[in-house]
Every structure is written in structure tokens, then in C-alpha cells.
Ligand code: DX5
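Below sits a lone chain in C-alpha cells, taken as the form predicted alone.
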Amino acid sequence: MPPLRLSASLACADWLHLERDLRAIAEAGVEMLHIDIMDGAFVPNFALNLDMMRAVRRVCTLPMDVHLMVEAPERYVARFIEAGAAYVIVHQEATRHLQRTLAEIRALGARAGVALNPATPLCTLEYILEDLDLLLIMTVNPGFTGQKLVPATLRKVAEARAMLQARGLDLDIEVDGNVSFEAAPRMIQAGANILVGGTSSLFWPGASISENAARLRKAIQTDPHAGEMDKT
């Protein structure tokens, strides 16, 4: 099992104090930054962009996992890698030539990821699993923060981990959407190892980022599977 990591969703940060939040994220030991790119077409919203990524890179060295919620993401892969993306994640539903896009991401020096919406079955990945470094399972429908967890997606995470293990693949499984203090242990138990923290955990308004990160890690450690994961 790959190591457990937290990824902070910058769409949920305080934009009036972004540099402060970035420093707090790093000081809290959060391992990654999750960058949601939305085009208003694939999802009914707009969020983040290349200029924001370049500004972030000036003050923070944490790896960025860039989640392209856009139509035909292959048009932009090179530009996001140039802007500092360590991971580029495209939606299976949004690109016509998925294997070609994943190969391009790797050829340009980034790690390649695929995201699946809640209703998209795992079987759509049957012939591209070896082209992946990361699988992102959306646990809500993409496009907005603050949504409720889609319960069936926890079963999907478990089935994804079993599918990967059956193929001898030790890939990251990331989950995005309502990664709350309550839901996170169940996500880890199902087989996820990267948690995207937003308004229901890392950016929960009732405490600081540092306090929220500590609370989230403590919640995860209450699950025996999380403890096993830390030892790998």
C-alpha cells in the first residue's frame, strides 16, 4: 500500500490570505496541494488557473496535484506541467483519447492520474491501468465544495484497491469530496491513501489549519488499517 498523504484543496483556502494559508499548510505537515481547475463546461463552475499556480510556486514548494475538470484536457497538459504540476489528473469522461493523454503527461515529466465521477464504473479503466500513477475517485459530483458524500463511492474505492492489487499494481488512490473527520477513516479503510482536505476537514472554519490537520490525522489513526499503512 502506498503511504498515506494529505492534499490541501486550495479552492477552499482564504484568498485574501493565501500566502498565510500556504505557510500554515506546509507547517502542518500536509504533503501536497490539490489544485482544482474548472472550465464552466465540464463542471458548472470556474476555479483556479495557471497564474495562481505560478504564484503559489513562488512561496511554496509542496508538490501540486492538478485536477483538470475541463473538456478536452489534453489541450492544456503541457502548460500545467510547465507551471509546476507534479501530478496531472484528467477525467475519463472528458478526454476522447485517454491513453494518449496519460502517455503525454508522463513524457513531459509529471505523474499521470485519472479521475472518475461517482457514476463512472471502474471497468472503463481496464486497458489503461498500467499507464496510471494515481486514481482519483470523486466521492461527490465535481464542481462545488460542501457537498454530501455519495455513499456508494466508498464501495468503489474498495473495489478499485482490490482491482489494482489483483493486477499487482501499487498505485495511489486519492479521494476528493466531503473528506470529513468522520468519513476519512472509512475512506482509508476502503483503500484510499491520499485524502483531499477541504471545508469539512483541513479548512474547517472552527479551527486553524494546523489544528484541523492534527485532528484529521488523529481521526485516521483510530482506524487499524491506517496504522498498518504508516508502517509500509
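Bear in mind the structure is a predicted one, so any value in this text is a computation, not a measurement. A residue's number is simply how far along the shown sequence it sits, counting from 1.
Note that the form predicted in complex with this ligand isn't included here; everything after this is about it.
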Query - Contact stretch among 53 to 61, 23 to 31, 160 to 168, 174 to 182 - heavy atom within 4.5 Å of this ligand in the predicted bound form - result: 174 to 182
Requested in this report: Examine residue 143 and determine whether its closest non-hydrogen atom to this ligand in the predicted bound form is within 4.5 angstroms.
Outcome: yes
**Report entry** Heavy atom of residue 200 within 4.5 Å of this ligand in the predicted bound form
**Finding:** yes
Query raised in the report: With the cut-off set at 4.5 Å between non-hydrogen atoms, does residue 12 touch this ligand in the predicted bound form?
Result: yes
Report task. Give a yes/no on whether residue 138 approaches this ligand to within 4.5 Å in the predicted bound form, heavy atoms considered. Result -> yes
Report task. Go through 36 to 55 residue by residue and record those having a heavy atom within 4.5 Å of this ligand in the predicted bound form; state none if no residue qualifies. Result -> 36, 38
